[in-house]
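Next up: just one chain, as structure tokens, the form predicted alone.
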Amino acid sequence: MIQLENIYLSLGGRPILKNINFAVPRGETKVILGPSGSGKSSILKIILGLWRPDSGRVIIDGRDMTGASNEEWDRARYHIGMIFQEGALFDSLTVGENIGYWLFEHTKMSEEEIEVRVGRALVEVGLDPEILDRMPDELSGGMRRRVAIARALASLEPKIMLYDEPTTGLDPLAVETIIDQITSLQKRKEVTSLVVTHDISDALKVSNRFIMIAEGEVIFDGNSEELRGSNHPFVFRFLGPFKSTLAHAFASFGEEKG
């Protein structure tokens, strides 16, 4: 569903991504791990077509998007939902207007039809439709992230969901709720998902397939047991503080996911 081949990206003459190669099969969730500034979010922007790489191929749903026009990317994005770190809601619009914005702008659906679709999307992410008239600043961080997921579900027919640090800055209860939404969406709709995070605990809860990025390069691509047993110096240092406390979590997750 997602395939990057030999991707190079530089900004202002500074290399950001170097020879990035990986694939995410249809219906699978993969986690991109790595420290801040390693290039994780840049990968999501390339998959969305917001940034064009200097070289390499971007293949989405079996289609080579390398050199695709803006119109072709617009059509591709109809099936790609993106959840940004802070939810990226419009502060001046209500919850309902945020979720229905794309539908108002790009479809001929009636106001009543949009309202039904928006309400259904809120229920799908475990929120009460009564919050439709509330403003984003009246919501908790976890609720804003869920509204962002509802917006993707209402506005698109997502085959792919991209999450950029979806749990950062949330309290433990909200973190669990967002993780439940990510895993539930993948199971119910067989959505292909790519989750960017630097939190090992969260990573283990959403997938058993990991990519690790360091200084713009892929240094690991495999499952949890392979990650825990990696002898790569950077992987070893990155996981070092967690190895003793998370050994059981790695093992139990591996057994659960196979």
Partner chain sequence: MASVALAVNERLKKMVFEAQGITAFAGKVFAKVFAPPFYWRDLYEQIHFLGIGSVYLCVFTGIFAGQAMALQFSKEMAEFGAKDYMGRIITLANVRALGPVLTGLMVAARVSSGIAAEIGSMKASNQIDALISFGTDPIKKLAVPRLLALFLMMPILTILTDTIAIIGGWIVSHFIVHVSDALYWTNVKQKLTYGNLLVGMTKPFFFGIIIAIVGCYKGFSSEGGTRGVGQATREAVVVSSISILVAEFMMTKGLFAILGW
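Numbering follows the first chain given and starts at 1. The structure presented is a predicted model; accordingly, all values stated were derived computationally and were not measured.
Quick note: we don't show the form predicted together with its partner chain, though the next part is all about it.
**Q** If we define contact as a non-hydrogen atom of the residue within 4.5 angstroms of the partner, is S155 a contact of its partner chain in the model of the complex?
**A** The answer is yes: S155 has a heavy atom within 4.5 Å of its partner chain.
**Q** So in the model of the complex, does R145 come within 4.5 Å of its partner chain, heavy atom to heavy atom?
**A** No, no contact at 4.5 Å.
**Q** Taking heavy atoms and a 4.5 Å cut-off, does Q186 contact its partner chain in the model of the complex?
**A** The answer is no: Q186 has no heavy atom within 4.5 Å of its partner chain.
**Q** At 4.5 Å between heavy atoms, is V116 in contact with its partner chain in the model of the complex?
**A** Output for V116 is no: heavy atoms all beyond 4.5 Å of its partner chain.
**Q** Which residue, R209, R57, K45, H198, has a heavy atom that falls within 4.5 Å of its partner chain in the model of the complex?
**A** Contact with its partner chain in the model of the complex is made by K45 alone.
**Q** Give me the residue from A121, I182, I160, L89 that has a heavy atom within 4.5 Å of its partner chain in the model of the complex.
**A** None of the other options qualify; the answer is L89.
**Q** Its partner chain isn't shown here, but in the model of the complex, which of 228 to 236, 187 to 195, 47 to 55, 200 to 208 has heavy atoms within 4.5 Å of it?
**A** Going by heavy atoms within 4.5 Å, the stretch is 47 to 55.
**Q** For a quick check, can you give me the residues of 97 to 123 that have a heavy atom within 4.5 Å of its partner chain in the model of the complex?
**A** The stretch touches the partner through E97, Y101, W102, E105, H106.
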